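Next up is one chain by itself, shown in structure tokens, the form predicted on its own.
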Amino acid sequence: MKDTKQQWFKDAKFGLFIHWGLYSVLAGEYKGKRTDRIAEWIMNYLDIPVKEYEKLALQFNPTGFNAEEIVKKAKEWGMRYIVFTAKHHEGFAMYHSGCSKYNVVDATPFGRDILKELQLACEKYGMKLGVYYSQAQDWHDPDGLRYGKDNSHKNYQAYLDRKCMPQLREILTGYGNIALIWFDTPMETTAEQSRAMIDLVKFIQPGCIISGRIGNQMGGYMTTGDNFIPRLPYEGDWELPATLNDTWGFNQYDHNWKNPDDVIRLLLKINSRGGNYLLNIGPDSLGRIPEGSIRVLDTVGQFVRENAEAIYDSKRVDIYAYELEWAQFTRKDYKLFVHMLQPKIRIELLNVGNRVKRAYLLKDGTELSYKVMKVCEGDSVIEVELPEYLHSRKNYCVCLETEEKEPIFEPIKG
């Protein structure tokens, strides 16, 4: 069982992923050819030569970037931490690196340290800052690994010594308290190499959490596959990285935005299984958040703010006997939260054996009438009557205060 030993991570439940790099300049298209895969991998999938790709830095001038506005938006959306791509697989550093001139300060007309600005904004507004760092794949470095290509001629350890480890040291010593390092795609990394990275991180910042993709089963928490929710609750600390459309980096042609209702359901489903939802935005080359992302997250953020007690610090819920279309559960000690995702006249929870002391709307404390009884088949049922004005509404929460500390889900009786 994975354990971060960091209470803030266990309680956070919702975070903001930011994928941003030179790939935002191409925005999903290179020399008239569109990529049919995720946009931040365009260099690899379209085999763009290193020298050609380097020229994108000369076009990267995100005058619309405002670190404070992004952090304030994340707080408004209910996120408790941010994870930013300091270096993605393309090898370009979005901070002022001293060991590689291939970075946002030295190689672009923008000339500003984006990670530093995010650090200061996070400190100002009380937001935890995490850093994504591609430790194995680096398509710019001659010895960095590259997925789907021949890496047999490369000296991977030389790349780790020359670039990866020094850049990790820069990030950990120059950008304040780093809440977590989000490693990715370990590929051929050995256990010894993973351990060396962990030892470096923990030596400089002992409280920094290390993601599950450090490789060799060594991370501080379990990172699921992209957009993949475990079927059952997981006892340890875990996190699901997810997109709002079909890509992570900005793609001008991808407008397949998730419905806010679906995002809310996913958030609750992840939280009920004990996990954190790390939801991504991909700014464009000017540093602007896509309008589609903002529309979805503004709605989700309103739900999170109104139902904060039922989301933050919540505990995993043992699997309920029924997969309900109209509701999801979260819980705290002596409280079961029923999140209403579809319009209903009343709540009917079959085979829930708790003794209810009180039922009320979480948003404003409105008391609701309820009864606990046995149906004719002998099964226990909790019924909560909903006021008429809620009969056509969705995305709100009812709290059941119970005598028991945890929910009692009884087996279905044949």
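Predicted model only: the values in this text are computed from it and were never measured. Note that residue numbering begins at 1 and tracks the sequence as displayed.
What follows is about the form predicted in complex with a small molecule, which we do not show.
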Original post:
Taking the small molecule in the predicted bound form as the reference, which of Thr185, Gln217, Gln342, Asn256 has a non-hydrogen atom within 4.5 Å?
Top reply: Thr185
Original post:
So which of Arg162, Lys332, Arg213, Lys128 reaches within 4.5 angstroms of the small molecule in the predicted bound form, heavy atom to heavy atom?
Top reply: Arg213
Original post:
Picking from 380-388, 59-67, 34-42, 364-372, which part of the chain touches the small molecule in the predicted bound form when contact means heavy atoms within 4.5 Å?
Top reply: 34-42
**OP:** Give a yes or no for Phe14: in the predicted bound form, does one of its heavy atoms lie within 4.5 Å of a heavy atom belonging to the small molecule?
**Re:** no
**OP:** Give a yes or no for Gly91: in the predicted bound form, does one of its heavy atoms lie within 4.5 Å of a heavy atom belonging to the small molecule?
**Re:** no
**OP:** Indicate whether Glu235 is a 4.5 Å heavy atom neighbour of the small molecule in the predicted bound form.
**Re:** no
**OP:** Determine whether any heavy atom of Asp226 comes within 4.5 Å of a heavy atom of the small molecule in the predicted bound form, and answer yes or no.
**Re:** yes
**OP:** Give a yes or no on whether each residue among Gly78, Arg80 and Tyr277 has a heavy atom within 4.5 Å of the small molecule in the predicted bound form.
**Re:** no
